[in-house]
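In structure tokens, one chain follows: the form predicted alone.
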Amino acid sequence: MNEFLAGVGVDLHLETDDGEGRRVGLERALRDAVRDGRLAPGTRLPATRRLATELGVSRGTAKAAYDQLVAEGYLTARQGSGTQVASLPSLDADAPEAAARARTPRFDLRPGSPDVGAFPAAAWLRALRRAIATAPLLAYDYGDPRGRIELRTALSGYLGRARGVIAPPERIVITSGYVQGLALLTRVLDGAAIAMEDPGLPFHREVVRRNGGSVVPVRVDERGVCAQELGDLKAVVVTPAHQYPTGVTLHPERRRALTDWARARGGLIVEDDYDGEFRYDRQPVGALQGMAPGQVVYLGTASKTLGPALRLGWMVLPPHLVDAVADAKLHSDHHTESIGQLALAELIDSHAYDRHVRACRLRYRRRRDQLLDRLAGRHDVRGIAAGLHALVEVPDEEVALKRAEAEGLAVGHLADHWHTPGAGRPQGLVVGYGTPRERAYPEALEVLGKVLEGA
């Protein structure tokens, strides 16, 4: 028999030999469809009379197949509700790692994300509608690997007034987020050794390695990256506005030392300005790029201001790197999707982006102040002048993390960020105050306070 069951909205291919029989073939087809998800849990199956008619089998055969699968737990049958597909546990439900992935913390104070609940959905929708209404037809075709000229022009003005970046549109390349920008640049540098801050984000070090570069640690102290240790290296990645994870702002003397190193050695500074707009106690410190536009690659992103899901970032490049990076972008993914670029350009040009950033700055400052109030006088908190995270020093990270896990609290910790973990390193929790939703934040702080007091 070679039949299809269409009565439940899915094709069930039945092939049986003479020795197997129609009932066994129907059971197997239904069982396989439930196992592989073609018949989803809760799907109502046709009555046995209808099923028998469609397949050309006796009603007794159809009923026997249903009864067998009910007995095996694949189907459920209740009077008045018919026969439905049962819910089955996933194949790895009992695996410890699957259970660990399934667990979500009650309170999330991990760093790295903004409050995505603050995404300006109404403003974005208005910008998207205007962008689509005015977009030329060629916007829907393959485009310039550097990105849409509308967004590059809008960013040129915004970065100049908000971050002090010297950014002519022809020196901007739009990327699918910061990570792609770092990957493209690593490929262009063709295997060069790249200095990266210690401590720093391990994921970014892995991005460099997987794109052919090698990583050399450079120490960070209370004044920021130690430029005097760069020596003959050709490139360094820094977070000068708000170092991750220590929260240090690069001292003016270090800024000058870093740009002097780049000019004297022909070195390249890669400036990761991931949350530079969020400074709370005075005006934001301008980007390092404005001091040495010929030696600095400026990398920015909408991930912290709007949301990581947009995958929109930008590179402002020295003139000699523009063509090489654009070519790398072309051979990576051709170009970043155009409609999102047009919407962001509209958001910037209408100043809705500026208004959103100002509102977020006020929101995150309140959160920072709440964190300081909760921990006042009891713990040393660093990196509080800017950004979306703070570093809380603790005597024993392991003890603090165990207490946090017991309370259902997720936080970052300093040990993850060293290039080479070891005894004698400073210890601390990296607390992100951007991630929680507004209603959950006060309770999350209370749990954090309880964890720290116990640790």
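Residue indices: 1-based, along the sequence shown. All values derive from a computational prediction rather than experimental measurement.
The same protein has a further form, the form predicted together with a small molecule, not shown here; the description that follows concerns it.
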- Query: Considering 204, 374, 367, 255, which brings a non-hydrogen atom within 4.5 Å of the small molecule in the model of the complex?
  - Reply: 204
- Message: Using a 4.5 Å heavy atom cut-off, which residue among 278, 353, 298, 178 comes into contact with the small molecule in the model of the complex?
- Response: 178
- Query: Might residue 211 be said to contact the small molecule in the model of the complex, defining contact as any heavy atom within 4.5 Å?
  - Reply: no
- Task: Could you confirm whether residue 143 comes within 4.5 Å of the small molecule in the model of the complex, counting heavy atoms only?
- Result: no
- Quick one: does residue 152 come within 4.5 Å of the small molecule in the model of the complex, counting heavy atoms only? no
- Wondering, does residue 272 line up within 4.5 Å of the small molecule in the model of the complex on heavy atoms? yes
- Task: Have a look at 302 to 310, 78 to 86, 163 to 171, 124 to 132 and name the one stretch with heavy atoms inside 4.5 Å of the small molecule in the model of the complex.
- Result: 302 to 310
